[in-house]
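Take a look at the structure tokens below, where one protein chain is shown in two forms, each on its own, as structure 1 and structure 2.
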Structure 1
């Protein structure tokens, strides 16, 4: 009796297991293809960085030379930095050392890994905090506006999110400095570092984080609102509405899951804008991050440092994009 009942069950399970294995294999291949595409884009981006710095007037030797240094000294410095070699040779040397963690030597003779060791965690803290706040605020405001489409709250959110996104980071930073520092004295205007190189107090993070969060929240709120509006027109959400479910339940249980792919893509796309804004914000608030290092490196025409910062930012953006792809694959796979 047992054999006659289990054999059909096993026969039914095998195709399901084979289908799951096939889907996992296809997902792995797709992930490998996406990762390969991202790495190729990173390679092209770094090559463009090397070429663009080469086209700038001056070079690292003249930018970092001592006052009154003669032509012979400059020529010796150019030879020491390898600037007398073709740019493609320098790029090949730098990119082949990258997989082993070698980021080269700066024009001032420092290892680039040592140069970025202290400011990189500060930038990750600043950008990560702003990123988390942006996601939470965009979801909360977008859901609140979607509760009553074309209502007063929705219209106010539409207006303020557009205004917030339109404001560049330096305008938001100046406004925060005027209100929260110069007029009220609530927060310090500039960042002071402690012995470990990090901001001395948590209050020094508030204005830089807000300066990054406000524009990105405006952008992502519009993404959340548009994705939820698209889902509101789908049959299953309409059916939930006709069944008399509450607005909160419809939004959270029926509309939001289907909106995740568009929301995840929008958030991932804004990561690059957020990292670009950190350069401006760190400079304005004297924040000790890689934005300050990057500004100095551009002034020095310091190609290894600039390329290393670009590589770090690109790696971080790649990780976020891969996570967004994973969210899209899981959501769409669950619905297929």
Structure 2
């Protein structure tokens, strides 16, 4: 968070150095408080998740047992997996190992880190591409619709974005499959993995990325549109309009800067949905990512694997939310 502290001081009050440093100090303090709060929430969520998994009736030892295995063998493996120790003790072990990259051992005895290492880059590629595309598309469409409020473009965008974000990713995927693969034959229907574990050709990324992008763009466009509408009602945008500036200039230079915090928060909020969608889309296209590993882990009741994925996802969302906090602090800091 330290990056935010210098900017407003530079921008606004360079002559009054003493007050600037004090304000920078205050900002740093506030940043630390926000960071602490977010980290505390992450910790609370991980504790809840761990407890929830521990409350389940069956455990990893019985789920992966061979048929006909005796009670003694089961108990031995339970001991091996550490399932006979108190819950809080195992949680303490797990949470202290997390920062060093230790994610525990799966029910089948593999290290979870190894299990996730190969598919992770593929998922990051898929989710990251979809995220960037979504943000760009939502900004472009949202700005386009805001140029002429209540115009024909605005109405069409309003209707399609509403429709878009209600569609589950797998329904979008089927539509894409049908059009781009079955009817036109342009793209392969399933992902084939190359020797390095990544999708064999880039064209196999197109449909999964699109399936993720469409619903997310629907949601984020609405957020961009609403944030810009809020800004359009403010006095300084009104003044810019009275000055006779062009619509594009008003939108980009006067309305958008103030809309950033709302847009950033909205996009950060949708990251969770994007991650969830990744799991579904990967399953459908047989894409070699975390989602495929996760589906297998659910069948095996492989607690450490699921917990590790949840921890990674929650940590990622925490970072994105912190970035949104940063945008907010910057915008509000520059304003005051």
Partner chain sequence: MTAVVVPGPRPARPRTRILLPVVPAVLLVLLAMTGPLLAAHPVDKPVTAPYGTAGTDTALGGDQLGRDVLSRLLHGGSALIGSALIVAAVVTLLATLLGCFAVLGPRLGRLVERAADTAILLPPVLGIMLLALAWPGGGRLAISVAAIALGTPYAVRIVASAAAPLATSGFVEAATASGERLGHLALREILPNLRATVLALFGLRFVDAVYVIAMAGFLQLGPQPPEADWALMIRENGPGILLNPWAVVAPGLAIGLLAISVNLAANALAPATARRAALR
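Worth saying up front: this structure is predicted, and the values here are computed from it rather than measured. In this text, rigid core is short for the largest set of C-alphas that superpose within 1.5 Å between two forms. Numbering follows the first chain given and starts at 1.
Each structure shows the same chain on its own, and structure 1 is the form predicted on its own. In this overlay on the rigid core, residue 92 has a C-alpha that sits 2 Å or more away from its partner position between structures 1 and 2. Positional change of residue 310 between structures 1 and 2 stays under 2 Å at the C-alpha, relative to the superposed core. Comparing the forms between structures 1 and 2, the C-alpha position of residue 24 differs by 2 angstroms or more, with the core used for superposition. Relative displacement of the residue 34 Cα between structures 1 and 2 on rigid core alignment is 2.6 Å.
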